[in-house]
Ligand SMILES: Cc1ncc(COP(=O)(O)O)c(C=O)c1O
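Given next, in structure tokens, is a single chain: the form predicted alone.
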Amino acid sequence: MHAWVNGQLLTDPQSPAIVVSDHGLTVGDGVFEAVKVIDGRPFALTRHLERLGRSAAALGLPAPDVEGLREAVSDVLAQEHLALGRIRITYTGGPAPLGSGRGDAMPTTVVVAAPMNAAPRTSAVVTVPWPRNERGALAGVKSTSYAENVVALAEAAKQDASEAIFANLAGHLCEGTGSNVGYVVGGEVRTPTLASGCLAGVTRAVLLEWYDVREVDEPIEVLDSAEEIFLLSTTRDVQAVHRWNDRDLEAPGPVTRQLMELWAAREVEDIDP
């Protein structure tokens, strides 16, 4: 693993680098991006940096230095060739008083690169009883305030699943802890709209451009009869779901298989779509 913090590469990425009063640490006042690395190159970096800027604006943080971040990504990737890896960009409110109010310090910026194992082709998922608030201040924001996801994912692990799925307050399908959800009904590929409160996933956005996907908000129960279900994320790409709660599905089904093959072919042809 290699790390860059506030303009400097760390000689020891395990050494202390963040002050104890950093607002991202004390109250989760920060945003982040996870970027896939393919053969030493970051995939869809422009889209990830644009979303980082939108997330920062939603929290009222100063705009990140995009060009500086590009250089930081290049610097950490130059330390080790990653055939398959992940970059984590974290941007916080910086040192602040020990409370919710921000101080006047500069934001903290961290870029970390590390190897990543390929995701399994299929996954088991379960729904959890805690709804996403599609009207909340953090709806659709990739914030470091991730404790809700930690709790939900731990619940999924108890049920031998690798992802937990949320409905929103309206009872509509929303998203997973770290993924968007797609499904097939009558041969039609569907996914929730951003109005559902789900994250504007980069993988989701690219797939919408590469394939005919209908954005629609429906009760989460629609998945009880969907022909196929799949997850979308930076680390999963397009991943088929073989179990939805107690229901087994063909995985990958024919449509999901087509999407998986499309993704595998296109991502190496267009590294920054």
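Residue indices: 1-based, along the sequence shown. Keep in mind it's a predicted model, so treat the numbers as computed, not measured.
Not on display, but discussed next: the form predicted together with the ligand.
Interface membership of Trp130, defined by any non-hydrogen atom within 4.5 Å of the ligand in the predicted complex, is ruled out. Contact check for Thr234: a heavy atom falls within 4.5 Å of the ligand in the predicted complex. Remark: Leu199 counts among the residues lining the ligand in the predicted complex, judged by a heavy atom distance of 4.5 Å or less.
In the predicted complex, the ligand stays beyond 4.5 Å of every heavy atom belonging to Arg243. Each of Arg51, Lys142 and Thr177 comes within 4.5 Å of the ligand in the predicted complex, counting any heavy atom. Comment: the ligand is not present in this chain, but in the predicted complex one of Thr203, Thr92, Thr191, Asn168 has a heavy atom within 4.5 Å of it, namely Thr203. Looking at 179 to 187, 120 to 128, 74 to 82, 94 to 102, the stretch with residues near the ligand in the predicted complex, meaning non-hydrogen atoms within 4.5 angstroms, turns out to be 179 to 187. Of all the residues from 1 to 37, none has a non-hydrogen atom no more than 4.5 Å from the ligand in the predicted complex.
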